[in-house]
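Laid out below as structure tokens are two forms of one and the same protein chain, each shown alone and named structure 1 and structure 2.
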Structure 1
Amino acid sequence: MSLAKPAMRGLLGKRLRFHLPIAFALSVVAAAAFKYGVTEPRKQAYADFYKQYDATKEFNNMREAGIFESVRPTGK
């Protein structure tokens, strides 16, 4: 039994036409997933933290803990 003639031209072109749009789409999805799964929550966490941040109060806590050299805790 003799073999039929298979397709012999444009095989790579066909493969690329199929896979490149998918690859491009998946890359965009991966970037979007990272942006909305990682960077945006991270930015939101920082924003939430600093929304209610009282720098003076934290400074005084650190001062009382004695970590500074330039300013001693109150009460000598």
Structure 2
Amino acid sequence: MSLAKPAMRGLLGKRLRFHLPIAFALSVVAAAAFKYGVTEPRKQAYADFYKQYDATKEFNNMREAGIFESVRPTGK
């Protein structure tokens, strides 16, 4: 009894025809999950933060705290 010869001819093309669409579909799903699971909430969080952020008020608070060397607090 002899073993059957393995089918080597066309093996790469055959495996690519099977695995390439699966890999493409999984990559599209991963990209969509990252976009809507990470980047969109991050963009929304930044938008919410900067709606209420007042740079001048923040600067004045830091100036009064004495963080800056080049700007003195208003009381001194």
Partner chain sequence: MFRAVRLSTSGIRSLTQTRPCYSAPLASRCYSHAKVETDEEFDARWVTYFSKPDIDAWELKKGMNTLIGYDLVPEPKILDSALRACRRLNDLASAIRILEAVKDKSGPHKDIYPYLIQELQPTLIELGISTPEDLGMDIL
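Rigid core: the largest C-alpha set superposing within 1.5 Å between the two forms. For residue numbers, the reference is structure 1: its sequence is counted from 1. It should be emphasised that the depicted structure is a prediction, and the values quoted were computed from it without experimental measurement.
- Between the two displayed forms of this chain, it is structure 1 that matches the form predicted in complex with the partner chain.
- The rigid-core alignment places the CA of R63 less than 2 Å apart between structures 1 and 2.
- After superposition on the rigid core, the Cα atom of A25 is displaced by less than 2 Å between structures 1 and 2.
- When the rigid core is fitted, P6 shows a C-alpha shift of 8.2 Å between structures 1 and 2.
- If you overlay the core, the Cα of R15 moves by 2.8 Å between structures 1 and 2.
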